Structures are given as C-alpha cells and as structure tokens.
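Read the single chain below, which is given as structure tokens and is the form predicted alone.
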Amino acid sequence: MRITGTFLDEISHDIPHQNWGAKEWDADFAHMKKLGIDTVIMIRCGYQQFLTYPSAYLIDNHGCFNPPIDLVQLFLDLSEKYGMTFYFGIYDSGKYWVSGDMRDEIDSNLFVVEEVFQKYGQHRNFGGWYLSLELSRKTRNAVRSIAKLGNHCKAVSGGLPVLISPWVAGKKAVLANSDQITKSTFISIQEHEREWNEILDGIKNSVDIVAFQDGHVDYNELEAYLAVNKNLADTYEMESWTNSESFDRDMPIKFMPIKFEKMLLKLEAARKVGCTKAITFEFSHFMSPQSAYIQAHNLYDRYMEYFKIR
C-alpha cells in the first residue's frame, strides 16, 4: 500500500514552522506528485489568532490576524496545477483543547464554512471538508458537534465529502508536551470497538470518510485495531482510510521523522485489512526532500527506492 494523500500542516501548534513561500510550496507539491500523492488536506484553516486566509468573519469577530498570504488560494492553485483534490480543514479556536467540550467550536465554524465555500467553493479542485477537531473516546459533546458540522458542510457545498481523522486512546496517546512516550492506562480493543460503534452510529449520515491515526498503539497490535476500524466503517457505510503517521512516537523528542521500516509495517497492516487509501501526517515536515529535517530527506529517498519510483 502506498501513500496517496497528505495533510498540509501550515497552521500548527506543536511542529516548527518552515517559513515557506509560494516557491517552496510549489516545489513541495511537485515532490508530492512524484511520490504519488493525489489528495491534500489542509489540517486547519486557522488556529487561535493565526489564519491561512483573510477571513473577514474571524478577523472581525475573533481578533485574528490578517495573514500576509492567502494560502487557501495558493493550495487550490497548486492542487489544480498538479492534479490533486483539496480538502479544506475548518477553524480551531483552541478553546476545545482547554474546555474538553467540542461545542465551543461549533458557532464560529458554521460561519467559516459558509464564508469559505462562497469564496473558494467554485474552484474545481475543492473536493471536500476536513473536520479538524480531533476526537477519541467519550469526548464531551463530540458526536453532536461532529454531526452538526458535517451536516452543515454538506448542506453548504451540495454534498461534498466530509473527512475525520480520530485517534485511538492507546498506550502511546500522550500529550505532545509530555516527556513520556507511553502511559500505564489505555483502552482495550474491546472498549475501542464498543465506543466507536456508538460514535460512528451517531455521525453516520454526517461523515463520509474515517482515517484513524495509526501511531497510538504498538506495531504488533495495529492490524487488529485497523481491522476493527475497517469493519465499523463498513457497517456504517463510510470509507475507511488510514492516517499513516510519518513521524515517530517512540522517542521523547516530539516529533521527528519515522524510521522507514516502521512506516512499512503500518502500511502493510492497513493493506491487509483493506483500507482503501493511505494518507499521512505529514509529508512536508517528515517526508519532503526539502524539509527542515535531514531525516525526512532520507525517508523520501528510502520510500522512492522501495517502491521503485523514478
């Protein structure tokens, strides 16, 4: 199984910014295309006060900063140039991460979705929506919030697909600012199946694609979790992708490019259970030959060599 999609992590809070302009992004899209990527997903259109596009609503109502470049337009133009489908990631005010209640993110995003689709929706490479509010087990008001936002995205855009990328509450699900790499209490596969059966049942008409993050459980457990995820997605008639993380969770330095052997193990597990697409978080930092991390250049080379891409 090969990686055919990537997140675009331009607005981040735990990964260093690479200070790229249009020239560097154009070059990176060319590298993505060569590797076989046909889908790009902007991780979020804004985080707290920083934005990827000049949102009149967020600037006026949330005190956000007017960005020096319209990255949404740039990404759409590059998606067209390189023949890729673009998914738009919604706004993250940061409130949810403090309160633990997803309802805090609903109201602003109802306006953002309408503003964005009016501004960019007619671009032929605007292919769908990404709900950037990551969820896992028993997140407060998650089902209701995801359903409401997913339904709104569909209503505004005439039914364009909605993607989520949840995480498994496994032993590696530790905070980025923690010096730990594992925790002592974590979910069992039986609990995971029971809880996600309930969650997917609640959002089945609002979300089209589920791409679970694959880095929160041990490599020898991953296939079993992916099989559960695939079966649940099939039950609720959702497409099952895998988010094959290209960074390493097995060391206290957060985060560095993953060892290629580990990536292969994860992709093979996804292939075995029948995931229909592999996306990654994320190419530009952790796999790109122009990344700030030298290890990413080597990961790109190993990947290209293994799959005999020239």
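None of the values given here were measured: they were computed from a predicted structure. Residue indices: 1-based, along the sequence shown.
Keep in mind that the form predicted in complex with a further copy of the same chain is missing from the display, and what follows is about it.
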| query | finding |
| --- | --- |
| Of S188, Q180, T235, N205, the one that lies within 4.5 Å of a further copy of the same chain in the predicted complex (heavy atoms) | Q180 |
| Candidate stretches 38-46, 269-277, 237-245, 62-70, one within 4.5 Å of a further copy of the same chain in the predicted complex by heavy atom | 62-70 |
| 4.5 Å heavy atom contact, F117 to a further copy of the same chain in the predicted complex | no |
| Touches a further copy of the same chain in the predicted complex: F50 (any heavy atom, 4.5 Å) | yes |
| Contact test in the predicted complex: F255 vs a further copy of the same chain, heavy atoms, 4.5 Å | yes |
| Exercise: A176 in contact with a further copy of the same chain in the predicted complex, heavy atom 4.5 Å | yes |
| a further copy of the same chain in the predicted complex: contacted by all of W20, N220 and I294, heavy atom 4.5 Å | yes |
| Those residues of 261-282 which, in the predicted complex, come within 4.5 Å of a further copy of the same chain by heavy atom | E261, K262, L265 |
